[in-house]
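Next up is one chain by itself, shown in structure tokens, the form predicted on its own.
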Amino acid sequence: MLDKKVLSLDELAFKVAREIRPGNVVAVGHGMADVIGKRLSSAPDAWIIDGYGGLISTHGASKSSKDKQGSSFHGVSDVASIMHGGHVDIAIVEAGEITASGDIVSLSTLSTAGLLAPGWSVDLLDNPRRVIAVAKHFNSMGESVLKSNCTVNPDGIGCVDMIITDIAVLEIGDNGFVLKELVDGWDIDDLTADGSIHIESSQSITDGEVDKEEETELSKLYDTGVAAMSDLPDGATVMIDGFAGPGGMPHYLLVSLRDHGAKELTIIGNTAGIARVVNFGTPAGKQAIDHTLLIDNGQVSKAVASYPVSPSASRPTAFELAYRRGDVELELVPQGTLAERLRSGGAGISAFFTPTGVGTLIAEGKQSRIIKGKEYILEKGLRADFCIIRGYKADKLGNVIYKGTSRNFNPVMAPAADITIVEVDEVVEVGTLEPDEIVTPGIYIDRIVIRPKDFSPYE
């Protein structure tokens, strides 16, 4: 077997790149996976998580390019949140062992089996949409990476979708391994010496390079706010940024949501419309645009908020009046707990314990636990169907920077929605924003709307 052709790392990288689609987020492991990740310049406008806090864009990249336009830097906790929160489309892990049911032991774990310290591999395999295992098909002792059972505790159970080795491409089907491609000169019987392992042949096994599907350019820019939320249904849950006053709110998107007309909405935000009554920074004779538009239009059935009421009893908010009439429901959440519930929702954390609210109405009906002699209550992560936020500037990939109070809740809201729409003053070319100034990376932004220059945030 030693004299037969095997694929180079560049050829392996090409086969991986074929699986990537515009906008995909690709997380790579250590070893061969990391080397392949650095060769994915042919991937179409994707993001590569490199394991060191880098979110590397392939936009405009080439093999000789050192300036990856659209890239940004993040801490380990942020990178872990991307992976655990379900934001990774493809995870690439160098495998030491793979079973027909899709169980995998990474090569790093297999090499240090006595330490039982899989670390990064377990994070990678936690919640991606697809897992591609890459490997040298045979180790130094001539043993195949394909196994009937893992010899050590696996890093992931039933999670592998595709296997790309230096001699073959296989998928995990309903009945086990399915051979899709085989390097010329090899035979299906060469793939494993274990007679208990069955490998099914695909109807058309290829040995050459398969042409990539024609890709269309990824565009996140919408002409109007109404167009950006045309598919927002009745009964949707919508996160709306903002802190207290009118600054940093998606005023144009709020007007667009009112004009769109979706009913029975659950809105999540720090407030439920107090900018109009507190008048922070509002010009004389004007009223700030806020959640009041949706309340007055009869579109809201429930609010999850920290400050849903006015600071003045003599000037109640529209939400307060609707609540007194019994038209809307309220879930009151302490502000710090709200921020953590949002962060948890985006990071794939279903619930957490906090001491905030113990012994108050906030704790009613919630599970409690004594930890180190102190009582804590269980709070659940928050997610939404849509999120509308205010940014200052975005590039065409959706990387966003903020000004002022826009930064309070936006960075934790954006990852916690299925579709996040950002309203900005300006959209710039990719590469204009410096990696260190990007706060919300484009992986979290699905749609971009430019606030019209003649639009006023006041009525």
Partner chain sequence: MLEDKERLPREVVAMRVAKELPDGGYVNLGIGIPTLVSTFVSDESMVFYHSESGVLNCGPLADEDSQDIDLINAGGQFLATVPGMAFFSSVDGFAMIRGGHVDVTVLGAHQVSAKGDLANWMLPERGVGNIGGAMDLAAGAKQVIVAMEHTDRTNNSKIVDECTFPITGKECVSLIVTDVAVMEPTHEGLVLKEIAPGWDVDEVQSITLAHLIITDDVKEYEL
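For clarity, a rigid core is taken as the largest C-alpha set superposing within 1.5 Å between two forms. Residue numbers count along the first chain shown, from 1. Predicted model only: the values in this text are computed from it and were never measured.
Omitted here: the form predicted together with its partner chain. The next part is about that form.
With the partner omitted here, the residue from 179, 232, 226, 330 that has a non-hydrogen atom within 4.5 angstroms of its partner chain in the predicted bound form is 330. The partner is absent here; in the predicted bound form, the one residue of 144, 148, 202, 282 having a heavy atom within 4.5 Å of its partner chain is 282. For residue 69, no non-hydrogen atom is located within 4.5 Å of its partner chain in the predicted bound form, even though that partner is not displayed. For residue 102, no non-hydrogen atom is located within 4.5 Å of its partner chain in the predicted bound form, even though that partner is not displayed. Though the partner is left out of this view, residue 411 does reach within 4.5 Å of its partner chain in the predicted bound form, counting heavy atoms only. Within this chain, residue 252 is remote from the site of its partner chain in the predicted bound form, having no heavy atom within 4.5 Å. If you check its partner chain in the predicted bound form, you find no heavy atom from any of 12, 19 and 175 within 4.5 Å. The candidate stretches are 182-190, 320-328, 131-139, 161-169, and the one lying within 4.5 Å of its partner chain in the predicted bound form by heavy atoms is 320-328. Taking its partner chain as positioned in the predicted bound form, the residues of 340-375 that bring a heavy atom within 4.5 Å of it are, in sequence order, 340, 343, 354, 355, 356, 357, 358, 359, 360, 361, 362, 374. Superposition on the rigid core between this form and the one not shown places the CA atom of residue 408 less than 2 Å from its counterpart. Core-superposed comparison between this form and the one not shown: CA of residue 129 displaced by less than 2 Å. In a rigid-core overlay of the protein, residue 75 has its C-alpha displaced by under 2 Å between this form and the one not shown.
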